[in-house]
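Shown next are two forms of a single protein chain, provided one at a time as structure tokens under the names structure 1 and structure 2.
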Structure 1
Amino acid sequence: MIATLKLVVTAVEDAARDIRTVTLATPDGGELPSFVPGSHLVVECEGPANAYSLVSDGVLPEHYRISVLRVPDGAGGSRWIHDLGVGDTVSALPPRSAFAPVATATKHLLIAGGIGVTPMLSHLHAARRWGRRVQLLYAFRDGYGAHVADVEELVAALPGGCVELLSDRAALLGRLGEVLGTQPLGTHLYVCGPGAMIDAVLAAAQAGGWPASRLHAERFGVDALDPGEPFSVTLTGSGSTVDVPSGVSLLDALDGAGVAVPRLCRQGVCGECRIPVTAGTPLHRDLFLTDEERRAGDAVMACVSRSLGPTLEVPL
């Protein structure tokens, strides 16, 4: 249904220690599809497809730019990206939006940890275009500060904009209380970084009385889900049973049994691999289903979610 983009690597730069920025363009240099701030590009690395936040401007761009932290013990996507050179070709799906700025916000408070700065860059490009009020807190370990000059330049152009660079998570959390307590009414908070840092920021905001509707988190990237308990899935369509061992996703187990389920992101974000559940209790680990849908328990995102009990039944 969606056309895959064939892209060419036009530049490779080291953005910081272990972080590489890759610039992608169409082979003929034409316009690329616009994207919503905070969007990610799903790149077909060898093997898994990985989602990377776009760090460039989104209005009919002539290139897409992603910055990727090398994760030595990851699934291999980041190593594959780091091995790319100028002239190499890459397949990607058009950008997908899951972390958009809220149009009614009176101010945008962006909080980034490490490589979590990446979605904030496209937020800042849009903020500059539309004159939005922005404050950025950016925590990173010494040497790992990617795009520091970029964010400073983007924010400097904004009326009242400010960037604070913090040396680590403790410094960020120490600063948070005052920042959260002094925002104008109508401020929305956006946080991206390691899972524990996101959880700490959200907990501090909730403790400070921020309503959930003003809090937005982007959990991409560095945290791998735990391998999970083994279970089996009963396919009522074919009457067969498929084992899902620990460390294997329901989606991959179904693939192995010849049951094709559509998928895009494989990270529980895009919603493509939703399958119905007729018995058993899903262990939801996705970011797609609403709380109400989770409680209903009649659907599961096969890429990341599992079963609470020993068996799950699906009408496939």
Structure 2
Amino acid sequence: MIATLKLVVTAVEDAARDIRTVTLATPDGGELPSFVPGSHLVVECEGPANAYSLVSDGVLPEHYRISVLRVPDGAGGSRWIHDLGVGDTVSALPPRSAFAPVATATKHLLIAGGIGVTPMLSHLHAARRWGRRVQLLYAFRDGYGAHVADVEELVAALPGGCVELLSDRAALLGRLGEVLGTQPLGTHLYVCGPGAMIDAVLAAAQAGGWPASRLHAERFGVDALDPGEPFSVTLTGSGSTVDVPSGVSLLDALDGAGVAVPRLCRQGVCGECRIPVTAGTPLHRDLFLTDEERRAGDAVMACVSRSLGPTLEVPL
């Protein structure tokens, strides 16, 4: 069981249009668990739980900071966050990351679109601490450039640090060919932003010969994932079979069949909906399992992950 953190809001500020930064601390002001760059904080938002990237420094932190884009037609989590005030309390799971920088990289190429800049902030804090070589491309619409001053200050402190602020996705994509083609050997690429932008960046990198092992993407959630191929899941406990259509999560399909599976974030981050797999090959799309756990293939996150083959078998 992962212990839940009880936190209090100590500051609220607008980072850009529709983007609010919330600072959280323990009620007694004590030290919080450290976190690696690229980490999320899974916040329980009075019903849904959402994962938000931490934008602060992860070493011996006395506070956590998250920046959240208000999504009017979302599930309600961002609206709840935007309504928080100083003194309010929230519950959250400890930070975890599936988007950490690779320590052996010769250079870190960060590409962010819109609110996708948030995980890059903790990358930049770590790069400054360890003297890493970083280049950042940051595209945002007019008025939606969150943390621009923070980014420029952090990059300015880096050896050979470079940041390019781009007016929109088209400008970003126009720079990709040259930027991807002029990186030193051993550079790792990290991209976060809208799904279409991530796909375009990864496709350009792959076309340019970048190995998959040096490409790292952070997607916002299940909505950013493709609908996937249909498959069926055999429940060995009951002997029944459940069909999982394209565009329907394994978790929702099990719900529809009356099989209750614990869940929290529904974004493949918190690990709450992990279920064991006894046959078949999972298509992992979560941010929770380690590389070793993925290779073992004996567990799946029902909220986002699917099956590589036509069937999956679980002991439910």
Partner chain sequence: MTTAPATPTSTRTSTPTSAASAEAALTPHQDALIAGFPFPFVADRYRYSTNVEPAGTSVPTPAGQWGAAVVEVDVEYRAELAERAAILRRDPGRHAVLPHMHAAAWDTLLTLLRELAAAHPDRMRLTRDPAGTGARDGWRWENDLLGVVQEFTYGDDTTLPTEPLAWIAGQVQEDIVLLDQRNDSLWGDAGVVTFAADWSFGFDVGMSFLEIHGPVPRLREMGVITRAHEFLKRLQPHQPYRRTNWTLTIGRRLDVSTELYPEWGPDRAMIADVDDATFGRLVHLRVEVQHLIRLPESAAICFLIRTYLLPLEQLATVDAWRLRTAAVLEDLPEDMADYKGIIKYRDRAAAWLRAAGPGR
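Because the structure is predicted, anything quoted here is derived from the model rather than measured. Residue 1 is the first residue of structure 1, and the numbers go on in sequence order from there. The term rigid core refers to the most C-alpha atoms you can superpose between the two forms while keeping them within 1.5 Å.
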item: Which of the two shown structures is the form predicted together with the partner chain; value: 1
item: P245: Cα shift of 2 Å or greater between structures 1 and 2 (core-aligned); value: yes
item: V9 C-alpha moves between structures 1 and 2 by 2 Å or more, core aligned; value: no
item: Did D291 shift 2 Å or more between structures 1 and 2, C-alpha, core superposed; value: yes
item: Cα shift between structures 1 and 2 at T311, which is computed once both forms share a superposed rigid core (Å); value: 9.9
item: M301: CA movement between structures 1 and 2 [superposed on rigid core, Å]; value: 2.8
